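Each of two forms of one protein chain follows alone as structure tokens, named structure 1 and structure 2.
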Structure 1
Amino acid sequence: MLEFLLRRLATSLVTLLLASLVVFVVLEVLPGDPAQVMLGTEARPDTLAALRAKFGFDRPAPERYLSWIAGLLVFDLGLSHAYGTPVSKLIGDRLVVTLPLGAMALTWATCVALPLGVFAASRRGRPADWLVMGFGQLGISIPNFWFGILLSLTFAVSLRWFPAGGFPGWSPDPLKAVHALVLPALSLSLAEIAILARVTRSSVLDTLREDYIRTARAKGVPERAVLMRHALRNALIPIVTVGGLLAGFLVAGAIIVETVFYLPGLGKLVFDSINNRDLIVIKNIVLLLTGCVLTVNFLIDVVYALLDPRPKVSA
């Protein structure tokens, strides 16, 4: 198993390096001059050239790529062009919003979707099943920005139970921070719940057809234990896979939800940086996100290994 994991780790690192190259090339050909964005329409050509030189855009591309990677190795991400502050600080400040937001949404989604899916599977073809599946269809169809606006109108504007948006920070009052993340996490988790519940249902249904389930039932194992201990555990592999993929989608969803709830999170930073052509911020975030997805995939492999401890055959 160790060999399997080491091989997966090596693949991840190579993928990351390739991703950095792709990101760099894409940003090279992205139309728009960061210096012009910063200095506006009245700037003279010599002023633009001076600013480009200050940002280092006048150096050859391979040199810039290598100095970026060299900087990454010593955790020096450089200064944001737009804000003039270190990129690492910008990203750090945003992660303390987006990570808890994503974690809340994913936890909430798992806690609701797993029981819901198992429940639907156990009531297959009956009204309860239809109800859950109907909700699933609805959850997938409703755009999360619309759901977010709706939540905000109801619980912030009318009922005043939650703030309409914004993030007060974790100090001095962490409860206020959690409070501010409730509505965004809810709107982010809706689609996740829907997808995860459907996957859970079909995966549990598949395992319920297996021989060992019949054997368990024949032995007289109570139906509840059949479902939870035998069916769900074996159904978990596809569920974990989809859950991992959803973690990636959370980032895309965060861009929208953070705009609706004006949260200063990573999604909003990506959006703003693209609009400002703050290239140094974009490339570092994209690489960070790639790293996160690769890490999640790696962790999923670890979980597979734990769920199904049979030795891996080399692929």
Structure 2
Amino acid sequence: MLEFLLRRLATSLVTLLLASLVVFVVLEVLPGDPAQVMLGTEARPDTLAALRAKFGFDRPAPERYLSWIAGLLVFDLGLSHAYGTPVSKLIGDRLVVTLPLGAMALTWATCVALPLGVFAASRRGRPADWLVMGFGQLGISIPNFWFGILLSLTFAVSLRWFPAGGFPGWSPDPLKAVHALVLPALSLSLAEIAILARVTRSSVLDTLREDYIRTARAKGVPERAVLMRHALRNALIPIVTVGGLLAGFLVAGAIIVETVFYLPGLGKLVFDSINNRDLIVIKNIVLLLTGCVLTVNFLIDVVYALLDPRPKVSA
């Protein structure tokens, strides 16, 4: 098992290195001069040259890439060109909003999708099954930002149960902060609920065809125990796979939702950094999101090895 996990870890590190190269190259070929964006079109040539030298824009691209990677190895993400603040502080201040938002959305998606999927599988071909499958199709089709606007209009503007946007911070009143994240988390979790419910239904249906399920029923095991203790438990591998992938992309998906609800998270920081062409911030955030996805994939491999020892033998 240790060899299996080490191979997976090495693959993740190589992938992260390749991703950093792709991110750097893509941002390098984008049109526009960051110094010109910061100083404006009326800036003098000598002022532009001084700013380019200050932030290293005048150095060759390979040298800037290696300098960036060397900084990452010692957890030095550099200084923001627009804010003049360490990038690590900017990202850390925004993660205290984005990570709880993603955790709330994932918790909500898991608590709703798993019972829905098992419920639909237990009533295959009946109206209840069609209703769940229809909800799944609808949830996948609706953009989360549009759903967020509907939630805001209904529960914030009309009913006034929740704030329409903004974030009060964690220190004054944590409950008020959680209250402000409810609507964004619901908006972010819609597609995840739909996908996870459909996957759960399919996986449980496949498990219900197994011989040990028929044996359990023949022994008089209650149907609820058959579904939850035998079927769902043995159907977890594909569910964990999809759930892990969704968890990895929740942070990235939160960018649009944060913009809709005007939350000071990574989404707002990415939006402002693109407008200011603050490349160092964009590079680090994109690489952070890539690292989140790879970390979740590695954790999925660990869960695989715990749920079923067979994958680690053949991997």
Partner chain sequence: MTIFTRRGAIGLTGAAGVLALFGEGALAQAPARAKDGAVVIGMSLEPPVLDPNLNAAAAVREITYLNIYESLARIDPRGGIIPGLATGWTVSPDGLEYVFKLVPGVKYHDGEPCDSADVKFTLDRLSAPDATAPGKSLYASIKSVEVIDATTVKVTLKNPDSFFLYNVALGDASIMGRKSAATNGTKPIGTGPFVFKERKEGDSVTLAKSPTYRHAASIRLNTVTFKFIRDPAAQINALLAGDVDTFPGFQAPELVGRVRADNRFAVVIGSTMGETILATNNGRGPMKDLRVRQAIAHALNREDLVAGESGFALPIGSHFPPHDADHVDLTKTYPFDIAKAKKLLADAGHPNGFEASLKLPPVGYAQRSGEILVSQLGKIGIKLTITQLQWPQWLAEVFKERNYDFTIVAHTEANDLDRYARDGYYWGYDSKAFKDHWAAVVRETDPAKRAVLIKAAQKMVADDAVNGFLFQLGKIGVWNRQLVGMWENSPTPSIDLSGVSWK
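Whichever C-alpha set is largest while still superposing within 1.5 Å between the two forms counts as the rigid core. Remember, it's a predicted structure, so these values are computed and weren't measured experimentally. Counting starts at 1 and follows the sequence of structure 1.
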Legend entry - Structure identified as the form predicted together with its partner chain: 1
Legend entry - Core-superposed C-alpha of residue 59 shifting 2 Å or more between structures 1 and 2: no
Inset, instruction - With the core fitted, just quote the Cα shift at residue 47 between structures 1 and 2, in angstrom to one decimal. - result: 2.7
